[in-house]
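Take a look at this one chain, the form predicted alone, written out in structure tokens.
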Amino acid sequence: MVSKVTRSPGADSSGIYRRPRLVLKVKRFEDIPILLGKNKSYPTPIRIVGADYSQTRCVGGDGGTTVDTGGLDKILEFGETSVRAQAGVRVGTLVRALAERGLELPLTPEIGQISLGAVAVTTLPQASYGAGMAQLSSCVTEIKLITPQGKQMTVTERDRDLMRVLRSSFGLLGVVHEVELRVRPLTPVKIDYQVLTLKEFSGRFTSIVQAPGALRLHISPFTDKITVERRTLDETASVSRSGIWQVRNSVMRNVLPAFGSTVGSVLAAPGLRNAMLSGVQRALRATLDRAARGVVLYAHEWMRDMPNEAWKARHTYSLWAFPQADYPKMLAEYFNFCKSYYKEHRYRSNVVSGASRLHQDRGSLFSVSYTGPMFTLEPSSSGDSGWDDFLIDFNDFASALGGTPTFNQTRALQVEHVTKSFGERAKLFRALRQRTDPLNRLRNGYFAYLLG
């Protein structure tokens, strides 16, 4: 029935403790109802895992059964406007297969390791080009799943309200085994950069957000610099991949996290660590300045595959989203927060913070831009000593300023943060989940605490 049955070692590869009793890998989706029906053989809770790159305990096993869907790895059908695949297919595999056919997803993530099952039912905000689509689950047009009672169910966009709930259900309403996603013709993307001070960013903010294109920010509170990365779709552009841009890409996504990890473990004195990290970030900005010259590429080229063992990536982060209108003011508060925290605790994040502009997207119940356009803020780290304590204070800071978290990417989340951010939406989801899964077959302690 399953290809693998193992005892859990306690901690998973990302370093977050899941503690399931059993870890299974399914070969066929037809086996899933059997798992759900045998409570004694496969103890509650049953949680589904794809690549296991979540930043929280949303797939925590809690003495139950963790089911790995990696064996459901077939792309089933390519169409002109859609693609159908099993839940275990990695988004990187899918995106490259689409590119070979001159197609792409409307949104392309930074990390290729995410499974399509996770894409369908989790909150994964992405730098967006326009209203209506600012997270990966909004690309999903059909979901096939097994209910907690073991019944097959298919939900399409015609079931708009149900689809909205499923797209951020985190496996609590059923086990996804197949998805359909919309696609479009492969389109060149022009990449431009501006390196600004906080004052310059605030002064130009209106023009920055009114200009077309998707926005990513690279934020350095201790050097008072914000790098604005604009991605503009241009069907007429000729692809021109800058060599220095490729160097920048490698440094930003591979070298810097590893360097931060090394500095954190080798240099004990906070002052030395601070000086070294600031120096590296100045060098990175110089690379970005040179990289800004005429880079045109396809979206799948900025996507990277992380190691199969999450801890080897040496990169972790936490995500909150804030209303676009107040973002410059919030960013000034964040710069002050980071400097005050360092002064008191002698700790600073050792990787550049990221951010994305999100257009309004009401496609899922827990979309972080459900109420309007937002910008994320994503403090990042190699997971060095002091990071977890920093996030506890940062979460309170973010919540107080009207931030919205996610259940899978916001670490150290508390009930009061969820209640303040989601209010009636959280109550609606809780009521629906209780009706759908009255025996709590799919609910673990993490969601029991945050959502009841």
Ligand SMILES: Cc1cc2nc3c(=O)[nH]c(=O)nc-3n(C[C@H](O)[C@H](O)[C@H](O)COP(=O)(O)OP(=O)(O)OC[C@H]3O[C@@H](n4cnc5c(N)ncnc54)[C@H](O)[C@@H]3O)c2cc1C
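Residues carry their position along the shown sequence, with the first being 1. These figures come from a predicted structure and were not determined experimentally.
Separately, the form predicted in complex with the named molecule exists; it is not shown, and the next lines address it.
Quiz item: Should S168 be counted as a contact of the named molecule in the predicted bound form, where contact means heavy atoms within 4.5 Å?
Solution: Answer no; every heavy atom of S168 is more than 4.5 Å from the named molecule in the predicted bound form.
Self-check item: Interface membership of Y370, the named molecule in the predicted bound form, 4.5 Å heavy atom rule
Solution: The answer is no: Y370 has no heavy atom within 4.5 Å of the named molecule.
Quiz item: How about T122: is it within 4.5 Å of the named molecule in the predicted bound form, going by heavy atoms?
Solution: Although the named molecule is absent here, T122 would touch it in the predicted bound form, with heavy atoms inside 4.5 Å.
Self-check item: 4.5 Å heavy atom contact, A87 to the named molecule in the predicted bound form
Solution: It does: once the named molecule is placed as it appears in the predicted bound form, A87 has a heavy atom within 4.5 Å of it.
Quiz item: Within 4.5 Å of the named molecule in the predicted bound form, do A51, I111 and G117 each have at least one heavy atom?
Solution: Yes, each of A51, I111 and G117 comes within 4.5 Å of the named molecule in the predicted bound form.
Practice problem: Given that the partner is absent here, state which listed stretch (76-84, 196-204, 123-131, 225-233) has heavy atoms within 4.5 Å of the named molecule in the predicted bound form. | Solution: That would be 123-131.
Practice problem: State the residue from L413, L36, A398, C58 whose non-hydrogen atoms include one within 4.5 Å of the named molecule in the predicted bound form. | Solution: In short, C58.
Exercise. Have a look at Y317, F335, Y347, Y298 for me and say which one sits with a heavy atom within 4.5 Å of the named molecule in the predicted bound form.
Key: That would be Y317.
Practice problem: Could you run down 159-185 and flag each residue that has a heavy atom within 4.5 Å of the named molecule in the predicted bound form? | Solution: Residues within 4.5 Å: F170, G171, G174, V175, V176.
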